[in-house]
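As a starting point, one isolated chain is supplied in structure tokens, in the form predicted on its own.
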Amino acid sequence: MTLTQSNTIEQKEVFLELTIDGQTVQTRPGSTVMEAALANNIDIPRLCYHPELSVSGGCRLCVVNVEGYPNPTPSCGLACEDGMSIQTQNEELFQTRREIIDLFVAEHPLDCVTCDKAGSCQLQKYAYEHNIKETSHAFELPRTLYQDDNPFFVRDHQYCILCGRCVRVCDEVVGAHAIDFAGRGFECHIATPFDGPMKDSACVFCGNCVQVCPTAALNPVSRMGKGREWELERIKTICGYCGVGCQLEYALKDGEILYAQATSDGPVNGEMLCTKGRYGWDFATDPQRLTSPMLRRDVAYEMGLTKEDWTLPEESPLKVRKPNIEDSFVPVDWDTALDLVADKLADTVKEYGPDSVMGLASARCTNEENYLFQKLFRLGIGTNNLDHCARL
């Protein structure tokens, strides 16, 4: 066999074959049992596990029975082996998980009827599935700290189950390491350095900790007391702050945006967002937001679009802080605005040359739109006078 022939031979990808709940599945070497199960629509209860974070194994809710293993084993950190036979559901596992949830609610308020997270709380979900109405142990609330020291999210420690998701996402994904476990035993809680205000820590207020929290320990300020999760309308869209194209989902009540979050199927960003994408949506309902192109009144009068004559004042309307736009401008349709801009631009270039104009692109446009914009100026108009407003 020649070297050229050997290079063209495709190496076959190796898969492991195992049985989960009687179903034969294939997975790649290095996968965990949890990953293999979820990839084949086999749901395993879990609280501390998150697909974008390192394995913790702390909650023990994801234990499974493996043939040949003496005891139930957490599936989140169990590497798949060829020929494995696994059970994720049986009476023994049900009772084991029921006892674990019983221990969780022994120090977790069961005020679901007034909780903002009701309907999307994972602990509530598993308590319902395992018929836990109240704890069989002595109830004690070890964490009572309530912190609303920033304008973005509330930290209500009584609902914290110490799953560590917020700590891991802050460390592994964001890289800020603004929070960590503090104290021991019943004194253990998630804290900033010396329990200081969040704004004095290394927190960048991206809100990814809020995204991954399975309970009501972390909640957006903007949604507190505004409605139950099942009452909210969900709209998927693309973040408009830069050209990355992160997918996000707005939660609305009566047409008002309550909060934004990432979606698990986001092709670019997964379940993570930056500060702007998660919290910078208030412009959508700002009363100063323009909803149509606006034309200065004197130009509109010359074009016959208004019957009111108007003279440009000595101080430009653009220099007035928070002006009443309708005092100086009139709304027009998009065709009128685009035709006017195209005609004025062509006239300027024709009279003064292509370098008499410049283009200012926007980071809120997509990469494709900015590419076409620079193409218009460099090839269409013939100038390299271009800049980009990359500072949002």
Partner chain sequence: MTNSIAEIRDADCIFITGSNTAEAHPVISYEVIRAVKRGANLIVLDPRRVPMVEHATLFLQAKPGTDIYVFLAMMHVMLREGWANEAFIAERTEGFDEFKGTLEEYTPERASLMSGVPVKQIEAAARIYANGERAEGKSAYIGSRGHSAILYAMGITQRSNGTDMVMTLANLAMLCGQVGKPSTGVNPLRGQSNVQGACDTGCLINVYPGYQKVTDDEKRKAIAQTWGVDDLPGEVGLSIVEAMQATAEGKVRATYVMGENPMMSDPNTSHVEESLRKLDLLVVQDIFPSETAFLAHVILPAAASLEKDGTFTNTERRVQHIKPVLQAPGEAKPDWWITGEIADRLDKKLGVERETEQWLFPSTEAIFDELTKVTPIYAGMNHARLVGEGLRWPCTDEEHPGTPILHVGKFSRGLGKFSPVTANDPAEQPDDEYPLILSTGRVLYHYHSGTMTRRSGPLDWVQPRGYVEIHPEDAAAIDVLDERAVTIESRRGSVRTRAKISENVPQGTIFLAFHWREAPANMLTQDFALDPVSKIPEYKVCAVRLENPRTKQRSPKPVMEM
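Residue numbers count along the first chain shown, from 1. These numbers were taken from a predicted model, which means no experiment stands behind them. Here the rigid core means the biggest group of C-alpha atoms that line up within 1.5 Å when the two forms are laid on top of each other.
From this point on, the text means the form predicted in complex with its partner chain, which you will not see here.
S.K.: Find the only residue in Thr88, Asn269, Gln122, Gln211 having a heavy atom within 4.5 Å of its partner chain in the predicted bound form.
M.R.: Exactly one listed residue reaches within 4.5 Å, namely Asn269.
S.K.: So which of Leu305, Met224, Leu252, Leu110 reaches within 4.5 angstroms of its partner chain in the predicted bound form, heavy atom to heavy atom?
M.R.: The option sitting close enough to the partner is Leu252.
S.K.: Within 4.5 Å, heavy atoms only, one stretch in 224-232, 110-118, 197-205, 124-132 touches its partner chain in the predicted bound form. Which?
M.R.: Answer to the contact question: 197-205.
S.K.: With heavy atoms only and a cut-off of 4.5 Å, decide whether Thr291 touches its partner chain in the predicted bound form.
M.R.: Judged by the heavy-atom cut-off of 4.5 Å, Thr291 is in contact with its partner chain in the predicted bound form.
S.K.: Is the gap between Leu345 and its partner chain in the predicted bound form 4.5 Å or less for some heavy atom pair?
M.R.: Leu345: yes, in contact with its partner chain in the predicted bound form.
S.K.: Indicate whether Ala217 is a 4.5 Å heavy atom neighbour of its partner chain in the predicted bound form.
M.R.: Heavy-atom contact with its partner chain at 4.5 Å: absent for Ala217.
S.K.: Is there a non-hydrogen atom of Leu295 within 4.5 angstroms of a non-hydrogen atom of its partner chain in the predicted bound form?
M.R.: Close contact exists here: in the predicted bound form, Leu295 approaches its partner chain to within 4.5 Å, heavy atoms only.
S.K.: Across 318-342, which residues bring a heavy atom to within 4.5 Å of its partner chain in the predicted bound form?
M.R.: Contacting residues: Leu318, Lys319, Val320, Arg321, Pro323, Asn324, Ile325, Ser328, Phe329, Trp334, Asp335, Ala337, Leu338, Asp339, Leu340, Val341, Ala342.
S.K.: My question is whether Asp333 is one of the residues whose C-alpha shifts by 2 Å or more between this form and the one not shown, given a fit on the rigid core.
M.R.: Shift at Asp333: 2 Å or more after core fit.
S.K.: Rigid core superposed, CA of Pro51 - does it shift 2 Å or more between this form and the one not shown?
M.R.: No, its C-alpha moves less than 2 Å.
S.K.: When the two forms are laid on each other by their rigid core, does Gly245 show a Cα shift of 2 Å or more between this form and the one not shown?
M.R.: Where the cores coincide, Gly245 shows only a C-alpha shift between this form and the one not shown that is less than 2 Å.
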